[in-house]
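Take a look at this single chain, the form predicted alone, given in C-alpha cells.
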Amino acid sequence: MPSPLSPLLRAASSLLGRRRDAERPATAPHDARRDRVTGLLSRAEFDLSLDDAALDADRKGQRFCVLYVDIDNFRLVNDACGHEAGDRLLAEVARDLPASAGPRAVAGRIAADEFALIVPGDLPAGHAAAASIAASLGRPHSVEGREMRLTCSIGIAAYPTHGSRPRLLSHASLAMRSVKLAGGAAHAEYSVQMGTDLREQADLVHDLRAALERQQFELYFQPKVDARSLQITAAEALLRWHHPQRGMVSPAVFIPVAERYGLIGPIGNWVIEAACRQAAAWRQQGLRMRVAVNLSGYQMRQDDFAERIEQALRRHGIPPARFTCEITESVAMEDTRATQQAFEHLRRVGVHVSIDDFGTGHSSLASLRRLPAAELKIDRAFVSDLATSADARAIARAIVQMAHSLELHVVAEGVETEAQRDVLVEMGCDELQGYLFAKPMTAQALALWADDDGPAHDGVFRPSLFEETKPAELPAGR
C-alpha cells in the first residue's frame, strides 16, 4: 500500500525540479554547471544533486552515502611541478573518481583538491567505494616526468543514518578531517564525537592565538654534550605553553594544531626571536653555546623565513655559526623547489643545519651531499634499543660511518642509560643528548647549572665545538 507521504514527496520533488529549472537559465552553457579544471559537477550543482538523491531515497525507502575526499599533501605537487601540472593531475584524478566509486556514483569538486561523491547504498557500499578510490589514487601518476603515488583522506556519511540532508556534506567533511588529524591515508565514517573533538580543537586554536598575545609561551633548553669529554657544548630550545586553565600543554598536542591552522608561522617566529634573545643574554653572562631551534615544513616553505632568522641573529648579535636549525629528515628530503630554495637561503645566512630524526625517512647519499647540512641526529628509536638489539646497533653504526664519510657531525638523541652512552661513544658518535645528562630546563636553571649554583651534576660547560664542523658548501652550479 502506498505511503500516505508519497503524494507529499512527489510534490516536493516537483517543486525541487521547478526550482532547479529556475536556477539554470535556458541560455546558460552546459559548462556553467561543471568545474572548469576537472569537468566534474560544480559545488552548487553537486548540492542540487544531493537534494535529488535525498528526495529519491525518501520516496523509495533507500539509502546512500556521501564521500568527502581530500588528496593528502597535494600542495607539494604544486610546489614541485607548478600549478598547471597540478591541475592536469587533478583532471586525471577526477576522470577516475566516479568509475572507482561505482557506475551510479555522482562526483563533484568542492574546492581545490577536495571532492565529494554520492554513492548509492548503505555504509558497506560507502566503505567499499572509499577503499576503491584510495587504491585508484595509489596507482602511479606521471607528472612532469615524475612518478607520483597519491594518498587521500576520506570521510563517509550515510543518509539518513548520519543526519538530515542539510548536514550530510558537513558530516562527511568532519569525518574526513578526523582522518587528517590521524595522519591521513585512510577513511572513516562520521560519528557524533567528531564534532565534539573539532569544537575542542577550535577552542585550542583560539587559545593559541591568545597565547601569542599574552606571552604564555616559554622556551626550555636541553643540553647536548661532547661524547668524548662529556662537556656541554650546545642546548636545544624546546617550546612550552603555560595555559591558564589547562596548565602545561604538550607540544605534541598544540604543534600539529598550529601547523594545521596556519599558526606555526608566527609561533615559529616567536621561537627564533626568543632563542636569539636568550643566547645573547647567556653570552653576556659568559655562557657561550650553540643554540638550536626546530623548523617546521611550513616555515621552510615561507619565502622570507631565512631572512627572518638572519635579522633576528643580527638584532641580538649572535654569530650565525653559533645558531643551529634542526629540520626533520622527512622535511629535508621533500623534493620541492621551495625546500631546495630554503636550504640555499640557510647556506647563504651561514647557520648550522642539522637533519633531525635521521633514519626514519628515505635519504640517499646523493641527496645528503646536496644539502648544506653539518650535522645528523640519530633518531631516538634506534638509540633506545642499542643495548639489546643487534639490528639497532648495526643501523646506528652505519649512520655514524656514513655521516663521517660525508664530514658530518653526528648527534644521538634520547640517550637514557650508561649502556647506550658507552655503545655510542665506541661507535664514534660526536655529541649526545638525553635524560642521562639532563632533562629540558628553564633558561634560568641552565644558567645556574652552568655556574654550579644549581642542582649537583656531572656536566661541565665549555665553548662550542662548532669550529670542527663547518657547514658544507653546495656543489658548484646548485
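No experiment lies behind these values; they were computed from the predicted model shown. Note that residue numbering follows the sequence shown and begins at 1.
The form predicted together with a small molecule is left out here; the points below concern that form.
- Taken together, the three residues L40, A54 and Y159 lack any non-hydrogen atom within 4.5 angstroms of the small molecule in the model of the complex.
- The closest heavy atom approach of Q299 to the small molecule in the model of the complex falls within 4.5 Å.
- In the model of the complex, no heavy atom of D70 sits within 4.5 Å of the small molecule.
- Taking non-hydrogen atoms only, S250 approaches the small molecule to within 4.5 angstroms in the model of the complex.
- The closest heavy atom approach of R393 to the small molecule in the model of the complex falls outside 4.5 Å.
- Annotated contact segment (heavy atom within 4.5 Å of the small molecule in the model of the complex): 232-240, selected among 315-323, 232-240, 343-351, 148-156.
- L295 is the sole member of L295, A130, A172, I309 with a non-hydrogen atom within 4.5 Å of the small molecule in the model of the complex.
- Among V291, A227, L204, I255, the residue placing a heavy atom within 4.5 Å of the small molecule in the model of the complex is I255.
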